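The chain below stands alone and is given in structure tokens; this is the form predicted alone.
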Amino acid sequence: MSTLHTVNKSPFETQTLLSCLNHCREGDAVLLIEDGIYGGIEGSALSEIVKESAAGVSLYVLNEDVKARGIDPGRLLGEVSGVDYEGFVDLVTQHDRTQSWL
């Protein structure tokens, strides 16, 4: 059984992303949306922690939110894949459950 976790808060304002990653199991996926996309940026104060904590977990960002915040996709962690809204729907259907982290 796998879970899609969505995180919409900046990891520089809350501990939501780190809490989420601590609860993930191998095979789960984390989709960073809204300000949560900042957790997927390479070279940030949290990037190494995110990489280590996400071992065995698939990481995604919503492309539209990356674009809306003016982030160059080349600045994202190599472990992060971008998805559009259709990809978001695909992720929901590929997992048994969806957990939103607020």
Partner chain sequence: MKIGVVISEGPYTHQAADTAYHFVKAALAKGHEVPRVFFYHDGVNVATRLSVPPQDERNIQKNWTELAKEHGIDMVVCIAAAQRRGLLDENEAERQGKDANNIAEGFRISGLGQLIEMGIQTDRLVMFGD
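Keep in mind that what you see is a predicted model, and the values were worked out from it rather than measured. Positions refer to the first chain, counted from 1.
Although not depicted, the form predicted together with the partner chain is the subject of the following passage.
> Just one of 77, 71, 33, 46 has a heavy atom within 4.5 angstroms of the partner chain in the predicted bound form, so which one?
If I apply the 4.5 Å criterion carefully, the residue I get is 33.
> Does the partner chain come within 4.5 Å of any heavy atom of residue 65 in the predicted bound form?
Yes, residue 65 is a contact residue.
> If you check in the predicted bound form, is residue 83 within 4.5 Å of the partner chain, heavy atoms only?
Flag for residue 83 set to no.
> Considering only 75-100, what residues come within 4.5 Å of the partner chain in the predicted bound form, judged by heavy atoms?
The stretch 75-100, when checked against the partner chain in the predicted bound form, contributes 85, 86, 88, 89, 90, 92, 93, 95, 96, 97, 98, 100 at the 4.5 Å heavy-atom cut-off.
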